[in-house]
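Take a look at this single chain in C-alpha cells; it is the form predicted on its own.
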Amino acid sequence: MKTVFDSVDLRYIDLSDTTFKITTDVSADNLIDSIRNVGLISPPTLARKSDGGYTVVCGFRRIAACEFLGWRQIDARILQAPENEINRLLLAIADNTHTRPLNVIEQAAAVSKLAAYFADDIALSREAGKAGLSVNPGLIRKLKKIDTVPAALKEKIAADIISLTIGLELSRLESAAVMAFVQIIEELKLTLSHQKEMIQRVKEISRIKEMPIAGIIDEVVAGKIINDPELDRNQKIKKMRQVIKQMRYPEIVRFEKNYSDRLQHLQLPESVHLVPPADFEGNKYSMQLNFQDLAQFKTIVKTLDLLQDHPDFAKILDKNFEDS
C-alpha cells in the first residue's frame, strides 16, 4: 500500500469510527510512559475521509496515549487513494497479529469484519491467514456467533474468564441468565466440566418447572451459598451442585439419601464395596471385594453370609426405602 508521512492534528482523527478496530484493550497505560520517554516509534496508519478528517486503520491505543500526554499533533502514515476497504482491514488485522496473539473476541471482531467481504468461510480463512490470523472454517463459524453476544459477556471472554465453548453455550440464553451464570463461574472459578454440568441442568430445570433460568439461579443462590463465610470455595461448589441436582433429580437424590442411610446400617468393612445401578435405574447391583490373602478373603465371605439375612440389605435390593 502506498503511504506518505504527515503531521496530523489530533482533532481531525475520528476515534469513534471503529471500522478497522480489532483490539479490545481500551487502556493505553502501558504505552504512555514509553511514548513519553522515547517518543512515538511506530506511527499510526490513517485514511482520509471525505469530510477532511481521518479514519484510524492502525493505532487506536497509540493515538489515545498521545492525547493523554497532551499532544496536539501526531506523525502518521496516510494511506494514498485508491485503496479499498478490504486491504485496509487486512492491514489492521496484520498490525495486531504481528505484535501479539489476538484474544477470542478480537479474533471474532476480525472475522466478522472480513465476513462482509467473503461469504465463503474457506476464502475468508485463506485471506485471514495472509494477515497472520489462523482460523479454520469451523472456528470461523463459532467466532461469528461469539461476535453477536452482549458486550458484558465479550469482556469476560476476552479476559479469559469464560471460555469460547461456554460463551457459545451462554450465547443462546437471555441476558439475565447469562450474567447470572457468569457471576457464579467468575466468583467460584468453576472448572469447565462443572460449568457445563450446571448450565445443562439449570436449563433442564427451567424447562421442567417452566421458570426463567435467572429465576432458577436466584433460587439456588437464595441460600446465600456464594456469600456464606462458613464455607470455602470447594464447599460452596459442592453445596451448589447438590442443590441443583436436588432440583433436577429429586427422586434420584431421595433414593441416594435413603440408600446411603441403609448402607450405613450394614456397616460394611472397607474391603467390601456395594455399587448400586447407575442413577438407581434397573436392578443390577455389583460388589467390589479387596483382599490380600486367604484369611482376608474368609473374613469377607463371613461378611457376605451375614448380609443374606440383614433386613436393610434386602430393602436395598428391593429399593424399599420408604421407612428409612
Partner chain sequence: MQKFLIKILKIADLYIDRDVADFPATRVICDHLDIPYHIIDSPDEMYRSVTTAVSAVDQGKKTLFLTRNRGKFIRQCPGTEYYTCCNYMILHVGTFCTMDCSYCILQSYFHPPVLQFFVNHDDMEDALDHLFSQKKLTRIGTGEYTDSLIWEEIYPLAPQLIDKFSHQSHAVLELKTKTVNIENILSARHNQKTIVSWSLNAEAVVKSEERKTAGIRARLAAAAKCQAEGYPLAFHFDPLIFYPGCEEAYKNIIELLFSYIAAENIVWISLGSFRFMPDLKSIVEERFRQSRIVYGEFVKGMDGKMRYFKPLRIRFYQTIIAAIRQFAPDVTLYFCMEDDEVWTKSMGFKPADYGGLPQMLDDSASRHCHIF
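Please read all numbers here as calculations on a predicted model, not as lab measurements. Residue numbers count along the first chain shown, from 1.
There is another form of this protein, the form predicted in complex with its partner chain, and it is not shown here; the text below is about that form.
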query: In the predicted complex, segment of 254-262, 34-42, 65-73, 288-296 with a heavy atom within 4.5 Å of its partner chain; finding: 254-262
query: Touches its partner chain in the predicted complex: Arg207 (any heavy atom, 4.5 Å); finding: yes
query: 4.5 Å heavy atom contact, Glu281 and its partner chain in the predicted complex; finding: yes
query: Partner proximity in the predicted complex: Leu317 to its partner chain, non-hydrogen atom cutoff 4.5 Å; finding: yes
query: Contact test in the predicted complex: Pro229 vs its partner chain, heavy atoms, 4.5 Å; finding: no
query: Listed residue that, although its partner chain is not shown, lies within 4.5 Å of it in the predicted complex (heavy atoms), from Ser134, Gln200, Gln183, Gln80; finding: Gln200
query: Residue among Lys156, Arg88, Arg248, Lys113 with a heavy atom within 4.5 Å of its partner chain in the predicted complex; finding: Arg248
